[in-house]
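The chain below stands alone and is given as structure tokens, in the form predicted on its own.
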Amino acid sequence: MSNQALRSAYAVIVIGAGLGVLTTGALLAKAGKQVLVVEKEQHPGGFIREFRHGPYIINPAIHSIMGCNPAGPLGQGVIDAVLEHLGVQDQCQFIRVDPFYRAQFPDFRMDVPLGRDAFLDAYLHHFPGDAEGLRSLVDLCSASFQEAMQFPAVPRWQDWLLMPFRSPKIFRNATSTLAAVLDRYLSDSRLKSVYAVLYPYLALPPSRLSFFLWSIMMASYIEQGAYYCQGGFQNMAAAFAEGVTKHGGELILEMPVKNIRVAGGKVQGIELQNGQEVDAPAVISNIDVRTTFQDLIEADQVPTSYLRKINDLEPSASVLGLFLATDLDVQALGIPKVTLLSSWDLEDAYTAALHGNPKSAAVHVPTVIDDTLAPPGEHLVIIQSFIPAESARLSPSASAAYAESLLDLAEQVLPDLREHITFMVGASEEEQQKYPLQRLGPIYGWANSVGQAGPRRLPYKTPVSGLYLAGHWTQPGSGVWTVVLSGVNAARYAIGKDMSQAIWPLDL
């Protein structure tokens, strides 16, 4: 790897080294294309990059993923299939996370296992009165997943016309929120809250969250499994980066792209920050789509209608959190890797967090399943909640109050945590703030609302000829396996594959 392109021209240039375009770059390289991947950061991976602080390895944004299974009720996982295709499966190992998470409310607690039968048994032990509705809901999610994977990557008009017959579950619920579907299937209000407590993984409350995206996520987790990358998710990013270079592609790190060169509405290549110009008939961007079109391309080369559309889309929430280590005996406390804490009113809890008063939080303790992430006798703890996507930096007093609220919530899981903190990210740089908050976001690109889900997200192909998108700013949505799928489809475009074929299985 270098910080300068070795050639003056390539078949495809990829901007950013998030997982979406690492997938694209690796697949194109394996297909024989001359590929250049350009990344401004020191390491590849985008949101799956890890932070190292001495002996501590912290994954700030990614905590569990799906799609890593070699087989299962819904078939081979997307990530496993791509890693196998690239010949880099041995570069990273995945640990199954079971129980997947703990749902914790003021007077209720339940560990949620993987597998359809175990999942249903856990819920019906507490909520037997809604057995029929819950089973139907789980079946609906599974059927929606299978329909989605058979839907065309880029539908034609006849695909939309036949959708009620070929994809009836998706057709019926395409414009439904999670809350609307829960009202249709479940009667117990507490069950609705317990079932939907995983909403932070899509960063919208049930009243606004696309049921389509929720169903895909839940089916994959329940029936394919939840996984953590041993040693941290940087190992997964490294495997995909190895997929690029192993097959002859190039990866440049620590080199921003100064601009995307466009003439007559057609991509010509890029200019790097060091002044080097590199030609290519195709460019695929994984970075913030607003940066791509508003900062890297001359305004007169982009249709105003497209710029207006980008400005009208809603970005997802960001997250604020504390990254720390503790010497508490977490194993003795019986803490799972993930605990989702909330008041019973999920809508109120989400809104309160956005206004600086978190009543809900996700508490992640990855060392429960991977003790290589911290020194012996210590555990990592990541505590996170939401903040508006584009909000200004909190004042010192508001930031301190937010942090204290997060710790109050975490101490419902880890008693006396404050007295057992051995390390805190940011403490040395901001000594005036006792508990420095770390911000990430917009965590999922565009918000996962009904109007921005699946085919309603920005398409892979842009109005600038030769310029394509990959990652969570484009279809089909957010999440690790989903951006890998977007990278697969972006590669199909660049190769010239028939995009009216089914999204899956892999066809390159």
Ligand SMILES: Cc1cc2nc3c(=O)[nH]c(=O)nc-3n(C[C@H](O)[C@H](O)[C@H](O)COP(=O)(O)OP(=O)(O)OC[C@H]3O[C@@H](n4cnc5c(N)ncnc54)[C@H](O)[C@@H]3O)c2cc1C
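Computed from a predicted structure; not experimentally measured. So that there is no doubt, residue numbering starts at 1 and follows the sequence shown.
There is another form of the same protein, the form predicted in complex with the named molecule; it is not shown, and what comes next is about it.
- Interface residue among 467, 48, 58, 450, judged by heavy atoms within 4.5 Å of the named molecule in the predicted bound form: 48.
- For the residues 435, 402, 94, 221, the 4.5 Å heavy atom test against the named molecule in the predicted bound form is passed only by 221.
- Using a 4.5 angstroms limit between non-hydrogen atoms, residue 25 is distant from the named molecule in the predicted bound form.
- Although the partner is absent here, residue 38 is a contact residue: one of its heavy atoms lies within 4.5 angstroms of the named molecule in the predicted bound form.
- The named molecule in the predicted bound form is not approached by residue 229, whose heavy atoms all lie more than 4.5 angstroms from it.
- In the predicted bound form, the named molecule sits within 4.5 Å of a heavy atom belonging to residue 256.
- Of the candidate stretches 355 to 363, 283 to 291, 136 to 144, 243 to 251, only 283 to 291 contains residues with a heavy atom within 4.5 Å of the named molecule in the predicted bound form.
- Proximity of 18, 62 and 478 to the named molecule in the predicted bound form is complete: all three residues have a non-hydrogen atom within 4.5 angstroms.
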